[in-house]
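Alright, here's a single protein chain in two forms, structure 1 and structure 2, each given by itself as structure tokens.
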Structure 1
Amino acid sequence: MSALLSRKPDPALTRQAGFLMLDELKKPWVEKFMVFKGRTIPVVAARLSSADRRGSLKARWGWGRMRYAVLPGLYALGAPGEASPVFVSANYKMSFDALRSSLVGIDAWILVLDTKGINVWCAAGKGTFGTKELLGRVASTKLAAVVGHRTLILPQLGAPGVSAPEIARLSGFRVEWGPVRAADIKAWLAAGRRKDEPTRSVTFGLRDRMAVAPVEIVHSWPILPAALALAALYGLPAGGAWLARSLPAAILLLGIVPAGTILFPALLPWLPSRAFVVKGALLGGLWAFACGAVFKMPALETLAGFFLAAPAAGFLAMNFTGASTYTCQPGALLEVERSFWPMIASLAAGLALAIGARAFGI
């Protein structure tokens, strides 16, 4: 039924498959190609290479993040046959890598959906890891002609976007929900595809929270030149005292970034309020008061710093809503709507107080 080929497939068979383009499959993680029932299917490596790990590290820091994607379609892992399980993944490469690396030693098919380079959880919320895309991908890959069974194994975090009854009614395939974490798939299979509490529970521990911090640090870069510019202006007029006035202001304003992107995810479970903007604003405000105490700033300067730091740190904190188990999409949108004008007003008040402090030397 199948035969393993070299790394160079037959272009005619590839075109016949109609769902994966040859030029876009020249990837290090594609080990070889196999001919199965008259079509050429790429066989992917289960073990991650150093290039895969470097790519993930770059994506964590926002380098090429929106291009870190896999071509949607059907892939083989090992030497799968008609009875081999079919796992469904997003085409965000980090999601794809997590799945294939958890299946070392298992012969399986991997059906990759077009989620626009977004991970399973976020894509399910946006609808790209959804019923329509899954139905379309099952049809376009002619999956029913590849496997003899009618079961699709989906990640549990994709449940918000997929209607299992609709998939069964329109495609004939039954959806089976796998464990939350790809790393638990082997244990889940060994247990007869039965999930216990740890494999079905969603956690968001310190490691998970800090994993999303690097990209937020990179995205917050516009705050840095703005902070330096404001601090430089605050120290005017130029002279012997310029640095003494500007340096504390610069430290206060630059510290907003680590407060909102590092301290916030680290302390998330223990910060009061359910609203991320309030949690972040609290950290920003505490940082401003700490700087005021250390540098012995006048009360008006400290208050100005508070009104500037609180909304800026709150804004950075809200960026974590899409990567957290603490919020939902409607709640995050509502938080943005309710906090926009209060943040603007706070920034305006902070600038007015800072101007007043310099103008009157208070």
Structure 2
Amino acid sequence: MSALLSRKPDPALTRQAGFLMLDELKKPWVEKFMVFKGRTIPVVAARLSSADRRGSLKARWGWGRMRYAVLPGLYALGAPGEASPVFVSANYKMSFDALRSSLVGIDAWILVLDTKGINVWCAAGKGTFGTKELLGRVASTKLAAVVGHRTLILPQLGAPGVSAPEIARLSGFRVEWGPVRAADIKAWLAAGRRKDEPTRSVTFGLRDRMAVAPVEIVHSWPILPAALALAALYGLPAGGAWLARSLPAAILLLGIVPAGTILFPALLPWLPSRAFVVKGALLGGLWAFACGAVFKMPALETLAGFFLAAPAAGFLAMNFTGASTYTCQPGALLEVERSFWPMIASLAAGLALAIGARAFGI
């Protein structure tokens, strides 16, 4: 039924598969094209290349993350036929990669939705991985003419955006909610497509938490110039003792970043309080006291460091709520509202104490 073509397919044929911009298909992950029922469909590689892995690493650090997209439409994996399962994915490259690399050795169709290059869960929350987009994509790819069955397998985390009852009513396709993690798909298929609680559950283990740390580190960059400027001012007047005064202060202030973006996610489950801002403030405060002890800082200087580091690390930690997997909006609102003025007051107190510490040398 299928025949291999050159890498330059007939544009008219490709348009039938729901693809309009042919250049967009000249991607390393499109292995070749197959003809199925008179239509040309791109075949993607299941195994990730080193270029795919490099791309993911870059995206983790926020580099070109928003342009990290796959063209929406219907793709083939292996040599699928009429009865092969249809897996639905987002057009964020990392989501697409997670899916295809979990399907090595399986013949399947992959229907990629236009989620504006955003992952399944976030896109479902925004509604772009949604009922309307799925209905439109099923229609534009003429999926009903490709497969004989009427089942779509969706990642479970697409459920906030897609209404399975609506899809069934309006397209005739039945939505089956697959596992949360693509890596569990093979086990789920082997288990007769039944999910146990771990397969249905979102976790936030150490690996998950550290995976989102890099982007938080990148976003904390404004702290660096502020910390260096403050430490430089603190060392004034210039002279022989400038570096001796500025260096410990710089270390204390720069340490806020790893405290709030690396230590915090690593230790999250064990830090007291459910509020991220409190957990982070605690780490920032402890870091300041540790610096005070190590550098034998005067009491007032240590205290100034405490009042600066605690709110700053707390703020960084609070920003982690968006990257976590278990926070709700009323709770995040509570954190923001309760911590705003205390953080401002603490920063002001820290600056006042720093001036006092320099003025009186205590």
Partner chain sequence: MKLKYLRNGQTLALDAGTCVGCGACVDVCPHAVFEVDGGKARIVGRDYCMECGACARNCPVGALSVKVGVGCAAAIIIGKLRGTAPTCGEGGCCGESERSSCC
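We call the rigid core the largest set of C-alpha positions that still match within 1.5 Å between the two forms. All of these numbers come straight from a predicted model, not from anything done at the bench. Every residue number counts along structure 1's sequence, beginning with 1.
- One chain, two forms displayed separately, with the form predicted on its own being the first of them, structure 1.
- Val336: CA moves 2 Å or more between structures 1 and 2 after rigid-core fitting.
- Taking the core as reference, the Cα of Ala345 moves 2.8 angstrom between structures 1 and 2.
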